[in-house]
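A lone chain, given as structure tokens: the form predicted on its own.
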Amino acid sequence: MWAGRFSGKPDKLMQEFSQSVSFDQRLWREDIQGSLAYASELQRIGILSEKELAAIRGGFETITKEIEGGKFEWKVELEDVHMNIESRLTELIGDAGKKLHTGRSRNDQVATDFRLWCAERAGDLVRASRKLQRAIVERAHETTDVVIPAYTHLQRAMPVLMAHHLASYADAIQSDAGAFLNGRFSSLSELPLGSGACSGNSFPVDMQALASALGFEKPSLNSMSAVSSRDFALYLVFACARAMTHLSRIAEDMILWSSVEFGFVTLGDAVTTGSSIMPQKRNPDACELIRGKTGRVVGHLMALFTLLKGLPMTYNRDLQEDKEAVFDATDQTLACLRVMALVFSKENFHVNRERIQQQLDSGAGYMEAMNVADWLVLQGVPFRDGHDITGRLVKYVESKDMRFADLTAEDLQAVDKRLKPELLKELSLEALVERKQVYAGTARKQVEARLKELKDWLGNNDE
């Protein structure tokens, strides 16, 4: 490749150390796509003849079949995907293959290939996000009549519909899908191809035409930043890290909900495993693995930031280290989105309604207390005074080892004269749920309306 400058060959250890073809061969399709567009432009400006362009196209068809058929020989001594493909093209068609690199550098070539790959993978992530959202919305529609405790500080706070809780997951995933789309737009915002090694192209290629041919918004504005910027990769891996953080939180809820202590749901055999020693166990392994893989993806984001933070302009070989981080971050995120959709499938997400009702009937957590404070406000009592009165009522119930459901008119009066007997009929958890009639609230009418909005939106944004 550079025999004209060097008389010796790299040490075999150095070849193995510096090669990237073992992982960047994933860019082969994008490499051919970019090369075909560039070849057309070289033919337009007279560097290639029509016959040579036809030969290049035919050669790439052969290479595509070889790679897809598993017959292509990837060579470590050729370092990367670009030189492996160019070398094979030259073997197949001769001098026309040697002309393809005219005015082009691997610097602008890899930046273009990588952007195209990231855009395609971002699309995969959006589609997986939408599929997960649909599964969650379907389960939410089935639970609009199920009341569960909502938790703050992992202590029972207020009753909500399970559908409202599940819809919060769909909301988070929708935000993640938007971030993946931003990653896609960022990848296709500027085309590096035609920028050469760092200073631009010596030949009059039409970079706007290249950009249009490859689906980019416009050419890069500066040849130096074109070959060295990896902001698009940061956007995509950040989106992955954020999505994984959301998935990890959802997984944690499912791990808790499926425990004996909670028992809100039972997860199906397809997403759980047993124990090698304890035959009674049903372990939520799918959710635990998602939770565990989150650190791995977040780590890739930090690795990318650290890789980039000290690089001088423009291209440096350090940038070879960007791909494995992006490949693995997107692989793991895509797998986790798909597995979480499996967790929320009808076959694997079973709601234990009787168990949930038993939990609510226990009265643990005194979630009815908010009803009292709200009722007092409606009677003209300032909220801070109502808060104090309600706190004393909770203390009273706790001292008697009783539930709110066991309160009598005499109990209310013993705490404060402003607690009238008619309050007793306001103390159900269902009544408190139905008080939350604001747009984002947990009242059934509001939840059903929001779920319909989500379902309609998903129908109109099918990827």
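Worth saying up front: this structure is predicted, and the values here are computed from it rather than measured. Quick note: we count residues from 1 along the sequence shown, nothing fancier.
As for the form predicted in complex with arginine, it is not shown, yet the points below apply to it.
Contact check for Tyr315: a heavy atom falls within 4.5 Å of arginine in the predicted bound form. Asp80 belongs to the set of residues with a heavy atom inside 4.5 Å of arginine in the predicted bound form.
Among residues of the shown chain, Val110 is one whose heavy atoms approach arginine to within 4.5 Å in the predicted bound form. Proximity of Thr90 to arginine in the predicted bound form falls outside the 4.5 Å heavy atom cutoff. Only one of the listed residues (Leu319, Ala119, Val137, Ile250) places a non-hydrogen atom within 4.5 angstroms of arginine in the predicted bound form, and that residue is Leu319. Of the residues Lys323, Arg242, Lys131, His165, just one reaches arginine in the predicted bound form with a heavy atom at 4.5 Å or closer; this is Lys323. The putative spot formed by Asn371, Lys420 and Glu426 is not touched by arginine in the predicted bound form; no residue has a non-hydrogen atom within 4.5 angstroms of it. Screening 372-380, 184-192, 328-336, 99-107 for residues having heavy atoms within 4.5 Å of arginine in the predicted bound form returns a single hit, 99-107.
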